[in-house]
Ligand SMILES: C[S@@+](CC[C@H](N)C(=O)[O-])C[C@H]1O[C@@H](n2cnc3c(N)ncnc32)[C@H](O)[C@@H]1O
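Presented below, as structure tokens, is a lone chain in the form predicted alone.
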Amino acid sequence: MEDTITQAVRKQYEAYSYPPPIEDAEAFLKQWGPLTCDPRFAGIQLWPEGRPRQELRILCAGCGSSQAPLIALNNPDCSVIGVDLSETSLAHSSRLRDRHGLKNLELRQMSLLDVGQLNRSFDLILCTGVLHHLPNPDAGLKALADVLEPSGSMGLMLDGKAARTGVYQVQDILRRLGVGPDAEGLGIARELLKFVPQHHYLFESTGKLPIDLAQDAGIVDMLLHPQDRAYSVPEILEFVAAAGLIFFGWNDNADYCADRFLSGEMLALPPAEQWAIVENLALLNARHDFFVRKPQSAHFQVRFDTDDYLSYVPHVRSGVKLAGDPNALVLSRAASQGGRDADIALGGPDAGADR
């Protein structure tokens, strides 16, 4: 039987499916590119030692309106299961499955807490923007860990604490006004947003409201959610360890890279301490995208505190563009949440020798 919070969360996503539904998965991928943890493009991050098998068994836990179809479309050789509480969200996913003839996609209406009832194990589990909405996130991650193959990998996303300060301030205002995730609450939230001053923490450095607030579902999900918590870097590492898993790296290390912001003795701190400092200093991470695996995978971790890095082969990952002449190759990422591009120069007499 569902608890009160789970009932409220399911009811919200039945009324306001999120992310907003898409009509054509191929057109979406062409415009926006692959999802963060798509194994077709993020394989080197998921499995530095090499992919465990070609025909991956993939679980999209809390798949929403489109994640599972997008993963299934980009990975036709893999079997994909999408589970979600919301019948409405699954109906959108089902339409995409039918439109694109995705015979490798199965959809189930269920809580991710019950994935053990599938009686299957998975090479890859994707759970993005879901665990922080559970009454007990620890129980959710443990349930996923129990169905992860020993050589499997998990791609997670949790809301970040420091960079979302303004979100929680506005949430607090709306709670004091006694509104909920319904049409009345949505109207009051829209009216409140008209009075948010330009210097408020809700705004990005560009002076624009977060893109999620452009649509009803985004407003409800960000400002009116009945269950919403955020994680700092230390809390993420504790969360992962409590589930018996190991932290396996950030999706984009540039947003946590201490030498972009710090110098001297601060760079002698352990990596986890550097990440925590950068999170609170740079305010780049409104969301944390990262990978976890089981402890037996620890020896596959990429490390730069030993001489192991001397044997690494550079790999240009998805989302990185190439520019420059043959003697000064520049790798450029898309603008980060802080509005900056992260560029790395390689080779040539003028390339950054301090990197």
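When you see a residue number, it is the position in the sequence shown, counting from 1. Quick caveat: nothing in here was measured; it's all calculated off a predicted structure.
Below, we refer to the form predicted together with this ligand, which is not included among the displayed structures.
The candidate stretches are 277 to 285, 180 to 188, 121 to 129, 91 to 99, and the one lying within 4.5 Å of this ligand in the predicted complex by heavy atoms is 121 to 129. The closest non-hydrogen atom of Ser111 lies within 4.5 Å of this ligand in the predicted complex. Leu59 falls outside the set of residues with a heavy atom inside 4.5 Å of this ligand in the predicted complex. By the criterion of a heavy atom within 4.5 Å, Gly64 is counted among the residues contacting this ligand in the predicted complex. In the predicted complex, at least one heavy atom of Leu134 sits within 4.5 Å of this ligand. When this ligand is considered in the predicted complex, only one residue from Leu224, Ala72, Met154, Leu85 comes within 4.5 Å through any heavy atom, namely Leu85.
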